[in-house]
Ligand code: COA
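We begin with a single chain expressed as structure tokens, specifically the form predicted alone.
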Amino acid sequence: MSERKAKDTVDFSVEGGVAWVKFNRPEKRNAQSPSLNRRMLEVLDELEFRDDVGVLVLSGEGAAWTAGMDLKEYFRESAANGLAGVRKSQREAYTWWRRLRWYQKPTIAMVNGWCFGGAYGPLFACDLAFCADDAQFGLSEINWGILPGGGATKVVTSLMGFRDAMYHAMLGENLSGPQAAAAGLVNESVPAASLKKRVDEVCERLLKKNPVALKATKDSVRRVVEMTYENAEDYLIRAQEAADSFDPEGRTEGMKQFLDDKSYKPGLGAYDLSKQKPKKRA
């Protein structure tokens, strides 16, 4: 099979406020090559501030989400260019993972198949994650003589309990979708036939939320997890003040609809964004 063109290694479409982005190297189990990593950053740049995008979903074409890093192109061919080649390929991958962690819009990993090694970087970068029951999660690095790098070790220690993380990293044994959900790697595992429907439901709910509040919330969760309680308390006060200054009508309209109009209850849903003065989606 001829080599896929760089621009075709990532596919995307925008439908109903959702950007559906796909790893698109199914012939390589969507392994992340340097060309795919460069193209993914371009796609993220293109979509981040589009007014017709409110949520980004990352999935994979074919039977894999992504099988991690392309062993030939990412490791062997980069290493052939010495330390400079290795560092360049690392930057290309880590840069888009970092961008995704702090993305302007809510992000969802829709894990439809294999999720191995280097896949844990973008998995953790997405705010939410849903998988098919028959998906497979694995840190196989120990099986070919290296440690789980590229942030993968940090990911499992952040999302899983200590003993589970240690077992997962040291044994190199795969987890099924339900096992990954039980361990905390994803929010939910559902039958493969229901995965797209479940993610659609979550996207629909997210699109009804205030986008400025969503951005502030997702950033806050990532920041405060490593803070002391006192530091987190102070940070969250400042974060709310910053959000209010950027979107002063958001809280006012939400409170008005609850307290005055009595048109909704915060514990049962979001206020009606259509009644707020139009503002570009964050």
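Being a predicted model, the structure only gives us computed values, none of them experimental. Note that residue numbering begins at 1 and tracks the sequence as displayed.
Form predicted together with ligand COA: not shown, discussed below.
Of the stretches 191 to 199, 113 to 121, 87 to 95, 175 to 183, only 113 to 121 has residues with a heavy atom within 4.5 Å of ligand COA in the predicted complex.
In terms of contact with ligand COA in the predicted complex, the residue from A31, L214, V57, L44 that brings a heavy atom within 4.5 Å is A31. Under a 4.5 angstroms non-hydrogen atom cutoff, ligand COA in the predicted complex lacks D127 among its neighbouring residues. Contact annotation: R205 falls outside 4.5 Å of ligand COA in the predicted complex, judged by heavy atom distances.
Although the partner is absent from this view, L71 contacts ligand COA in the predicted complex, with a non-hydrogen atom inside 4.5 angstroms. The closest non-hydrogen atom of W102 lies beyond 4.5 Å of ligand COA in the predicted complex. Highlighted residues A67, E141 and W144: every one comes within 4.5 Å of ligand COA in the predicted complex, counting any heavy atom.
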